[in-house]
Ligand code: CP
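There is one chain below, alone, in structure tokens, taken in the form predicted alone.
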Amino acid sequence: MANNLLSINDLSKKEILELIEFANNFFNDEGSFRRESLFPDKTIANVFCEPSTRTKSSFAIAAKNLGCSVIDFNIENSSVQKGESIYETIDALNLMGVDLCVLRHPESIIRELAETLPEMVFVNAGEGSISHPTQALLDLKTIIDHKDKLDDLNIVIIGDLDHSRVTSSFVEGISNFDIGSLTFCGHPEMCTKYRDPKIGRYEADMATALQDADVVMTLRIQYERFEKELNLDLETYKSEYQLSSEKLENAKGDAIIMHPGPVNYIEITEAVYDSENSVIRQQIANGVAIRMAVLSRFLGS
């Protein structure tokens, strides 16, 4: 296994499955998380240069469950505001004895940082619209939890695909498996990068895309982009692309509904979120277990 987790492509199919299996060990019989002080001598810095609730909190909880010390690095109150580069900031943390840096950044800089600071371990917690490897791992784990496999499934991803690092990493991960089908769906203006995909197919019509789906992954739509960039009417968009109970009838009866969060009920209705098909709340719990597995593996390597 590589020294850092920068991208899902850094992991082999075997390593992906091993991490998912390893994550299962961090749940106890009651379904809550085991707390084992495996790394009391390790310090982790959570460096988030973009807003985050789920990812940032779950990395912090995962690290504390493993006995690590956690530095919650707040970019607003840091020397970055005085003009310090992110490289200088992380180098300073490195010199202070931080063992592993969990980094989210709006630009593609994590690989360059890892090469420049080889003594620091890096875990990518979201990079621009390119990559979010631990989200892909928790998504794959959630599918296996419910479907017992990743092969032979019909998977549909719906939403703002062009700006989705979740989609990029999920596609990297799932391409290791013999899936039945992979369908990208969404407003054509939001799916320009996926109209002629390397794997899978694009389908603009949601009812057609959902036909016989086993897994339906919905993605957050950013309100702000409707007014500024897309010139789309929100109600028209919802009538065509919001996942409702009615539209869901096109999928298989036991299809699972996923969403990386936060949910703002443009992408899905509250009824679908609350339905028996929804596994969105389980994804959040799986995030802690997967991140415990990732931190354990990379701190121990």
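These figures come from a predicted structure and were not determined experimentally. Residues carry their position along the shown sequence, with the first being 1.
Below, we refer to the form predicted together with the named molecule, which is not included among the displayed structures.
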Testing 198 to 206, 171 to 179, 94 to 102, 131 to 139 against the named molecule in the model of the complex with a 4.5 Å heavy atom criterion leaves exactly one stretch, namely 131 to 139
The single option of Gly31, Gly253, Pro51, Pro40 touching the named molecule in the model of the complex, heavy atom within 4.5 Å:
Pro51
Heavy atom within 4.5 Å of the named molecule in the model of the complex - the one residue of Gln242, Thr55, Asn65, Asn46 that qualifies
Thr55
